[in-house]
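Given next are two forms of a protein chain, the same chain in both, each as structure tokens and marked structure 1 or structure 2.
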Structure 1
Amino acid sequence: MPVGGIKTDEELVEMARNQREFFGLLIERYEAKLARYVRRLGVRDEEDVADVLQEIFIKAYRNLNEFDTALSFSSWMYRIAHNEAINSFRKKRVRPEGHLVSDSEDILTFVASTEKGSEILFDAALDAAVVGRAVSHLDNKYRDVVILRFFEHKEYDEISDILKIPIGSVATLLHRAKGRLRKELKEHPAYE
């Protein structure tokens, strides 16, 4: 429920459908989050980040009538952001390499996470840079779910909506991603 005049995303969407200016409020809400997300996905250059963000919001506005409450607005925006980041890689013909090394705080949260499988990372007392590099080396499909789960703190159902894959596949990909990380980190000298 809106409190003290603060509107929910969904209410703002409804208003933006009739009055363009309200979309500006949604841009304000999501600009920083999505910029961080596309950087994590591997868009490095700041100009490129700005271009991708512009495309994300134009696409979101153009397709505003596609959005309905079957999923959250946040998931919908992240989905568009994910697709636009991939389009950007395709246009530039580059392989995405995330900037996770700089996300030290998130990486440490990931390392300290109580989720099954993360103990090995914690026990190894590896530094954030090492873990960040290991995550960057994962295949895109694994890296996408790891970023959303541990860096964007999304729930499984949200990841399912963003990547358009079944929830069961999210769990499977996360499980395999952890296995691959564990394998890579075991080979790191700091683990010895």
Structure 2
Amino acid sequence: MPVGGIKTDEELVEMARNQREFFGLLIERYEAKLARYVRRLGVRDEEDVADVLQEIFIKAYRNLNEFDTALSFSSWMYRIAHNEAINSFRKKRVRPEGHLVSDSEDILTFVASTEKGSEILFDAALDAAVVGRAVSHLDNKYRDVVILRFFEHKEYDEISDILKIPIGSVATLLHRAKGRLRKELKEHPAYE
């Protein structure tokens, strides 16, 4: 590691522009996060995940000189990851299959919020698999914002950068996703 301790992403980008080995530090920093993200977007096969990651890092490295260090490197990398996952689906002509992990507590709180009387009591009966299925049934535009917000813990401005949509649209899509998820979860057999 260079003298001066831990570097920011943007500092590493500047260093990687001159010395390739610093790009390896960015790969180490982002590999697990981006692998988790592309899995959540629906890339299930581990070989496909590895292929998508390779494409992400190749594209990032090739375009490193075009990256504006005044912007968020994290958002830039997630945007590349999002596009490469979509490209992977197009190449295989498949529909993404959501693969979500047990971050379901936050999303259940989100869905239950504003429910009048909160008669829907989301409990252990709605486990991660049930939430995962409900999220995977959402249209892509809703699923993308839900995954970024509740599973990747991105702020609205980051989601806006990643998906290249206005911040107001992020809020609208999340609001609409909440209604669709609430409906989907209400139809779960545990609540009939």
Partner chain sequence: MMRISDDAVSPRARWVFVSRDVTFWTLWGGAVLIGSAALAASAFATEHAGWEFYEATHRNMITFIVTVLPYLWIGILAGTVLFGYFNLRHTKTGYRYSLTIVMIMSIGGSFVGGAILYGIGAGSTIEVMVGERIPFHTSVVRLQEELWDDADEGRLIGSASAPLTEETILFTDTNGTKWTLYTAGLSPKDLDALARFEEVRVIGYQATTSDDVFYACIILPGFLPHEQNSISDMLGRRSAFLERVRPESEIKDPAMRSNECERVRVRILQK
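Because the structure is a prediction, the values reported are computed rather than measured. In this text, the rigid core denotes the largest set of C-alpha atoms whose superposition between the two forms falls within 1.5 Å. Along the sequence of structure 1, residues get numbers from 1 upward.
Between the two isolated copies of the chain, the form predicted on its own corresponds to structure 2. Here residue 86 does not count as shifted, since its C-alpha moves by less than 2 Å between structure 1 and structure 2 after the core is aligned. Once the core is aligned between structure 1 and structure 2, the alpha carbon position of residue 71 differs by 2.4 Å; this is the C-alpha shift at that site.
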